[in-house]
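Next comes just one chain, in structure tokens: the form predicted alone.
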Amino acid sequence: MDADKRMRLEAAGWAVGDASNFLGLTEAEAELVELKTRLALFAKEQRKMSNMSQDALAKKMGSSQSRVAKIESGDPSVSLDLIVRALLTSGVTRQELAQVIVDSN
């Protein structure tokens, strides 16, 4: 949100914050949400770059297409280890994975 809009809203009596404020997330929880979101988007990009369908990746992982869809959409029920497994299965190296984590700040 731009500064002008923020000032107008605050002047009108609105409280302005972000999702972390609204949900009452700690800094660590907010970082975890951000990291999972970045990894989920990266998983989708990498699958597409590997010319794999969700179904093909799922079979390679020993999972289901619907689970891959949940990984890529950032479903909160998906664990970090499942996201990482999808990334590694689609050909991402540990160095590339580490770069996504480092670049998340």
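For every residue, the number given is its place in the sequence shown, counted from 1. Owing to the predicted nature of the structure, the values given are computational and were not obtained by experimental measurement.
Separately, the form predicted in complex with a further copy of the same chain exists; it is not shown, and the next lines address it.
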query: Listed residue (Asp55, Asp75, Glu31, Glu45) with a non-hydrogen atom within 4.5 angstroms of a further copy of the same chain in the model of the complex; finding: Glu31
query: Interface membership of Leu80, a further copy of the same chain in the model of the complex, 4.5 Å heavy atom rule; finding: yes
query: Val84 within 4.5 Å of a further copy of the same chain in the model of the complex, heavy atoms; finding: yes
query: Any non-hydrogen atom of Lys70 within 4.5 angstroms of a further copy of the same chain in the model of the complex; finding: no
query: Leu35: touches a further copy of the same chain in the model of the complex, heavy atom cutoff 4.5 angstroms; finding: yes
query: Residues of 66-98 having any heavy atom within 4.5 Å of a further copy of the same chain in the model of the complex, listed in sequence order; finding: Ser79, Leu80, Asp81, Val84, Arg85, Leu88, Thr89, Arg94, Gln95, Leu97, Ala98
